[in-house]
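Quick setup: one chain, the form predicted on its own, written in structure tokens, and binding and motion questions come after.
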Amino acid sequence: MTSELLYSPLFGITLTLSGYFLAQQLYRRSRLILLNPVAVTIVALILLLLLCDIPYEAYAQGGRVIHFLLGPSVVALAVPLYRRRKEVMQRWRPIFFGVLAGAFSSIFSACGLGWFFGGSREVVLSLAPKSVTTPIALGIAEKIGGIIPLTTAIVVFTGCVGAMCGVEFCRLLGVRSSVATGLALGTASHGIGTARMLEVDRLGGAVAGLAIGLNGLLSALLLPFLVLLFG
């Protein structure tokens, strides 16, 4: 009976949603940026699975359902973008070229660090789509020969770091424009960073949502070409 319950999709879904709800309540009460709900939920789930000796395969039955919902959740970011479409369209040039620069810098910085520290070709290619939203990043990694689990981990880690310190880092650099901050977070830390930006400013969040899609599209076009070019 216990085995059937553990391997039921309902177990993984319930565990994930319960953990996120509690983490969100903790964040709302503390307002500490380091207690980002996504990051706290990930750490809590890992510790729970390890301490209770629950096989990852059991949790993954429900985790696959959550993974499927990543696509629709990204599409849902089009709602705030549609509501602020006029303001966004007035800034289309800096937005497009900003995302283009961000896509190039993200790819080359990740690959450069991987190569510098002696990573294999597979590891370097796995790091390349680190700033692309998870569904697109996994598709890119599969096509260019990356390691899917490593790509998943680095993409989530990048998003959590951006959500925890992205806004504050932009302010430290003297960036006061919500549009520029949203563009940076959406390009560098995809959906998790965009969720954080939506808490700060709606227009910035709308731009961040647009940056997710543009960065995913540009990276999907650039990375296979760059892999062929540099072989």
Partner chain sequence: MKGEILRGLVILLVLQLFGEWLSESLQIAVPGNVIGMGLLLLALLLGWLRLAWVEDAAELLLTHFSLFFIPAGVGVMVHTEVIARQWQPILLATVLSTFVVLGVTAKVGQWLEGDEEGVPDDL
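Residue numbers count along the first chain shown, from 1. Note that this is a predicted model, so its numbers are computed, not measured.
Heads up, the form predicted together with the partner chain isn't pictured, but that's what we're talking about next.
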Next item on the list: Using the partner position in the predicted bound form, report whether Val38 sits within 4.5 Å of the partner chain, counting heavy atoms only.
Entry: yes
Checklist line | 4.5 Å heavy atom contact, Ile33 and the partner chain in the predicted bound form | finding: no
Note to self: I'd like to check something about Ala188: if you look in the predicted bound form, is any of its heavy atoms closer than or equal to 4.5 Å to a heavy atom of the partner chain?
What the structure shows: yes
Next item on the list: May I ask you to state whether Leu17 is within 4.5 Å of the partner chain in the predicted bound form, using heavy atom distances?
Entry: yes
Checklist line | Interface residues of 170 to 187 toward the partner chain, as seen in the predicted bound form [heavy atoms, 4.5 Å] | finding: Cys170, Arg171, Leu173, Gly174, Val175, Arg176, Ser177, Ser178, Val179, Ala180, Thr181, Leu183, Ala184, Leu185, Thr187
